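Quick heads-up: it's one chain on its own, the form predicted alone, in structure tokens.
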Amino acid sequence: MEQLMKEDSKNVQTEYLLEVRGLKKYFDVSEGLFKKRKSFVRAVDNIDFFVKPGETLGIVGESGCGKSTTGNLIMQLLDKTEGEIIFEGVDLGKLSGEKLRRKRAEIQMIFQDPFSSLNPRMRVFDIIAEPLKTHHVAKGKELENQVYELMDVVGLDRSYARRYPHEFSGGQRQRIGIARALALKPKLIICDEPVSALDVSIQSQILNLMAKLQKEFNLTYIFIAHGLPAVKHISDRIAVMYLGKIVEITTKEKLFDQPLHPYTEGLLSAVPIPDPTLRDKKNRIIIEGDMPSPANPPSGCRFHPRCPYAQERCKIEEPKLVEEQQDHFVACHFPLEEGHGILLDK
């Protein structure tokens, strides 16, 4: 995967909006009075991927797999331990000060909790206007017009502008967050589980809104989530993470029809099927045990202690992310064969 990206980047400089190469984030684990480092947590451990303009890359995995940390690293909210984050051909890690500030304006974030991500002491108008003021985009009447236009775009009545966040439902609060994210006309929006805290009926409304906005403003999304159905609904490609590593990445169609990694198979098997006539035909795979600690990951393949197909090689040798099929990358010594897909409405 890494070699493929390096070769592509030499030939086509503008094909990708975002490239992540060898990205690592280790957190120190200290103890004692003098905070002596005992070990470190490998939250993100040498991952590679790219995002093309106008597409949505979904990132899925269990809690603690490193997907949200990856989003925070791209946003420059965390300092990377190693690796490169290339946005529009520019390595964000080499920028600082005003140059980084201007570039970061083109990358925005929609957060998981639509309440805690909004300042409870600020009115809706001021929340949406804040990035416009901070980056000196507009002021006076022009500022007011842009805020109201953003409210129209996300489906909020203009009369709500003088209200506070606690006066709204979860779905309405998330629309406020989306309006704020759109204010600077970003090219990339990182969506960190934006619908997981919402009711199911509201989730579909927000997902449909995001899909509509993507077409209208030519947005590019990185969509981070636990739930595979939500990711399938909005994503073009999906990356599956496990214990700081990307174990599989491909188009959503290939991932659901023919998963190649046993962990992906387990995630797909956990997706409930509402149709009882199809439910019994589903390949039911249960992942045993808990995810190991990222402070002490297993040797070899990190999934081998829980993998029903693990062999001796898996315990010793770490698999590399390779293109097993066209546009289908997997990190597994023994990829799955046909017949492991999931019965899910397409």
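Computed from a prediction, not measured in an experiment: that's the story for all the values here. Quick note: we count residues from 1 along the sequence shown, nothing fancier.
Not pictured, yet referred to below: the form predicted together with a small molecule.
Contact check for Ile316: every heavy atom lies farther than 4.5 Å from the small molecule in the predicted bound form. Using a 4.5 Å cutoff between non-hydrogen atoms, Leu57 does not count as a contact of the small molecule in the predicted bound form. Although the partner is absent here, Glu88 lies well away from the small molecule in the predicted bound form, with no heavy atom inside 4.5 Å. The closest heavy atom approach of Asp45 to the small molecule in the predicted bound form falls outside 4.5 Å.
Across the proposed site, Tyr16, Pro186 and Thr220 without exception lack any heavy atom within 4.5 Å of the small molecule in the predicted bound form.
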